[in-house]
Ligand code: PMV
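Let's start with one chain on its own, the form predicted on its own, as structure tokens.
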């Protein structure tokens, strides 16, 4: 029996952290923005058997066969407990432009899109905060000790100033940021990097505190649309992340190339030791030039 009939559709964006990686886990502020051009879509349809399908990763498994130790297995069980079982067998289909293990929030985006689609299918109204709360439980599997910033910025889909368990403040910016997201080409497991930073705490506490202080100052530049100041803060944040040992040779190389080519700021985004970088141009014309220069150097530019 072929799948037929759409029961629900939902979407979630990627995100990038502008400031505060790692420090945000320890109660310091972080700033994150959504990347609406990079999205993950979920469609729920009728099916002969309940299953989850993603062509990007070659996934086609029955939902009940996915263990609870797996993020999707845990999520589907949480949703069934919270909202009830689907009235019919379903297929959850995933179509994503987000790279995995790249610091762009692919895990949180997947959880949030599935949560929204599931609630829509069950005809249950759900707030952004409720979506974020459920997704945070799944982030614990991906990250071990998550800050909550990924699920918060993706669920609310707006720039936020975030302090763990305290503050989620939307940020209004007077300009559209001319930023590029650049893939280092190196995979990195967030949970491993976060755990390594924790192993070396409190020795790295001064660095984390410095990142937090910098973030609290950078938010004013972001609100004012002061791009040169924002770039300076980004470069200092990258220096501190390098001292935290979460940068790597390829990220350092790309940052140098971008800055030598006129970028205002360049830093890793996410856990580091691979994954993606965020680069700030002076304007949108320069953003296009930087995109061409970086692409010619062999790296993948995502937005």
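Positions refer to the first chain, counted from 1. Fair warning: this is a prediction, and the values are worked out from it, not measured in the lab.
As for the form predicted together with this ligand, it is not shown, yet the points below apply to it.
The contact with this ligand in the predicted bound form, taken as any heavy atom within 4.5 Å, belongs to 146 out of 159, 71, 146, 231.
For the options 114, 211, 104, 135, the one in contact with this ligand in the predicted bound form, meaning a heavy atom within 4.5 Å, is 104.
Exactly one of the stretches 44 to 52, 253 to 261, 63 to 71, 23 to 31 approaches this ligand in the predicted bound form with heavy atoms within 4.5 Å, and it is 23 to 31. At the 4.5 Å threshold, heavy atoms of residue 76 stay clear of this ligand in the predicted bound form, well away from it. Among residues of the shown chain, residue 265 is not one whose heavy atoms approach this ligand to within 4.5 Å in the predicted bound form. In the predicted bound form, at least one heavy atom of residue 190 sits within 4.5 Å of this ligand. Within 4.5 Å of any heavy atom of this ligand in the predicted bound form lies no heavy atom of residue 181. Along 258 to 272, residues 270, 271 each place a heavy atom within 4.5 Å of this ligand in the predicted bound form.
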